[in-house]
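Before any questions on how it binds or moves, here is one chain, the form predicted on its own, in structure tokens.
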């Protein structure tokens, strides 16, 4: 009775939130249900026919979770997932509630949940997943998480509590993630990139993992892919990148439009761009492989994938194409800039910076973003968000001056108007935003009829 009451209260809360247009009902229903029955997610997770997969890490959780759901649904399975990106335990609970029946039970094959790094221990305890994927660990929201070593220890503790029949799937290219995996009692499934043609040899100045976790010596990087992810070794022989069980080779990148790579004898083609999405696609392939999906099926299914809202979401606006890309920390922002400028030839930009709790209240990290990459390449840059003034100062120091950078515009509607005016008809404008800045911009796009509400995507 308690569980049923919790489910009905949560479902009613979600419906009310959507009807009143106060939100998508992605978190509050979980709060309400858990207040009535704190074990409601644990109970619903036991109903999953085949079990669950959880995905954590700093960047790429939403896309990877969506990729895995896409694979499982293509194989004929029903899936429950927190698709809107509400990745705290309340968001996972709300997603499960939405799929629950009138009796409070879940009649679903799989659960696929993206989980906030700091919430992984609780998620493992309640969901008891069959697989746990760790994508990467980059500096992000230091006011919430602390330094990387702190969050790495929490993730390690969570993985050590996985059920006996569960598998950890880890990114071998990230030194902090590798350190976690090498400390586990059971060997994980390692994945990584193996194509130096898309790598550099030097770490970016904002790289976070530079030293050997065993002896403290500076790591030697033979290849650098994204941030500090690459091929590394300790000069004293104390630590090195694990050999990937699954490796991506022969990588081709086509701006934000597409990517292709070879994995396990098949060619993966994905309608998403950027080297960082090679990791997301490879993680999804690794999950599918671990669950017994045929590699040829995985490759064919991924060709028809559609991006999540705000993650390379493409929209039309008064004859201009808008490309929305979530960019929320130095490593992620540097990669989206690299893709937008160097691979996609972007010239028109709106950059949104907020400092709300979901973004992190400390925005000093913008000084570690290589905005200098825009100098001499951008035609217009619109600083937006409630910290637009701080962003404008950073852009000035990057050498971007009028008429390249318009005055900062905190109001989403006015910022969008400025971008449309400055972008020639027929061209693409790249909208790079932190999380809540992206939500603010999307809300304005929805109001104008240019996009659907995020809970409908």
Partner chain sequence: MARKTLTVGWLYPDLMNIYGDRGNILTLLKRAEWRDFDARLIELGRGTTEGIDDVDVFFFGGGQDREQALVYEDLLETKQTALERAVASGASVLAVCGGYQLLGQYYQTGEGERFPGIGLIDVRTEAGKQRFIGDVVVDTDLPDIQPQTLVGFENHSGRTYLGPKAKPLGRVRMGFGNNGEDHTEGCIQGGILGTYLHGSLLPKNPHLADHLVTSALARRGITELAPLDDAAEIAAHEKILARAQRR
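These numbers come from a predicted model, not from an experiment. Residue numbers count along the first chain shown, from 1.
One more form of this protein should be noted, the form predicted in complex with the partner chain, which is absent from this view; the next part is about it.
Taking the partner from the other structure, the partner chain in the predicted bound form has a heavy atom within 4.5 Å of a heavy atom of residue 213.
When the partner chain is considered in the predicted bound form, residue 394 lines it closely, a heavy atom lying within 4.5 Å. Interface residue remark: residue 208 is counted as part of the site for the partner chain in the predicted bound form, having a heavy atom within 4.5 Å. The partner chain is not drawn, but in the predicted bound form it has a heavy atom within 4.5 Å of residue 363. Contact annotation: of the candidates 369, 278, 169, 127, the single residue with a non-hydrogen atom within 4.5 angstroms of the partner chain in the predicted bound form is 369. The single contact residue among 257, 149, 238, 342, judged by any heavy atom lying within 4.5 Å of the partner chain in the predicted bound form, is 149.
Screening 118-126, 198-206, 313-321, 161-169 for residues having heavy atoms within 4.5 Å of the partner chain in the predicted bound form returns a single hit, 198-206. If you take 171-192 and check each residue for a heavy atom within 4.5 Å of the partner chain in the predicted bound form, you get 176, 179, in sequence order.
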